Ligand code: ADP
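Starting off, we have a lone chain in the form predicted on its own, written out as structure tokens.
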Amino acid sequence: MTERTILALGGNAFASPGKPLTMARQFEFAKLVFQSLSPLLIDHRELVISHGNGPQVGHMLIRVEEALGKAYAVPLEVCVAESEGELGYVIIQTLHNVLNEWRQHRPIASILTQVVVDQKDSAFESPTKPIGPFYTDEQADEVRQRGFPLREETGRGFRRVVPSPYPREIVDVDVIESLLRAGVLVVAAGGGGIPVIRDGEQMRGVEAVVDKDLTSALLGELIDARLMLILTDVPCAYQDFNTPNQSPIGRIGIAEAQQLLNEGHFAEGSMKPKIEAAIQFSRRSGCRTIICNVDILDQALNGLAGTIIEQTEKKV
């Protein structure tokens, strides 16, 4: 029996670096990605696909800015929900088309996923996640007057920064579990999910962005998935990345991964949350996380490539 699997795709899987983001290109790149994922799609494993949404939410925020005074304002968590709907549509249609080409037939569903965060999370006091368009000095002053914190990126201008609280609960986990048991291929937790807080017996959205990989790890724990596959644009994680001492990380244990994390080998907003998510997911017995790109997927699934993090302690 194949392993119940969480597949986490980056938002850039649907965008071409250096080229304008369009709906047509999102479909084109989704097809390229899923055509490369036949090992996961044709064995009828129980599979959840999560995805990033950074480029898409950035464009939505541009639309919101341009429409101020002309249309009703859209808060950030609603932009996250809209991006879940947009990319969910791209993914399920592309999957249907690719599976039909392979003469494979399988029900597919995309779930708008609410993720509970703690309103006392320190992230709300210190927003750090950059999102949306870049602003000039003059534009930045206007944005600040509306109460939004900004961060300057050298040579590029200012960007809005928002809280990125830790995911605590996935509201829709029972629905996802039921769909998996019914043989449905599920798309969920897009963009890290829609951040909400509990207010007594009620829920309400909050302006924040939850990390996609951390939400994927939590979802994997809740549905007892055995494998988390984080697809990125590099073949593996590296020690001393982008330095003369750069070296690939192969199969390692939880303790070694934590040590490398503590030593600062992984960049914020890039590989660091992936390693954090891998540690969280793989701490359960018999579970492992693979970090790789699509080019070496077959080898990585067979333990011959990529970064593999599991409980078994091995040297880096």
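Predicted model only: the values in this text are computed from it and were never measured. One-based numbering along the sequence shown.
The following text describes the form predicted together with the ligand, which does not appear among the structures shown.
Checking L32, L68, I42, A267 for any heavy atom within 4.5 Å of the ligand in the predicted bound form turns up a single hit: A267. Here is the short version: of D233, D199, D137, E125, the single residue with a heavy atom within 4.5 Å of the ligand in the predicted bound form is D233. Looking at Y238, you'd find a heavy atom of it within 4.5 angstroms of the ligand in the predicted bound form. Residue contact check for K212: one or more of its heavy atoms lie within 4.5 Å of the ligand in the predicted bound form. In the predicted bound form, the ligand sits within 4.5 Å of a heavy atom of M271. Residue heavy atoms within 4.5 Å of the ligand in the predicted bound form occur in exactly one stretch of 224-232, 151-159, 78-86, 166-174, and that stretch is 224-232. Using a 4.5 Å cut-off on any heavy atom, none of the residues of 93-112 reaches the ligand in the predicted bound form.
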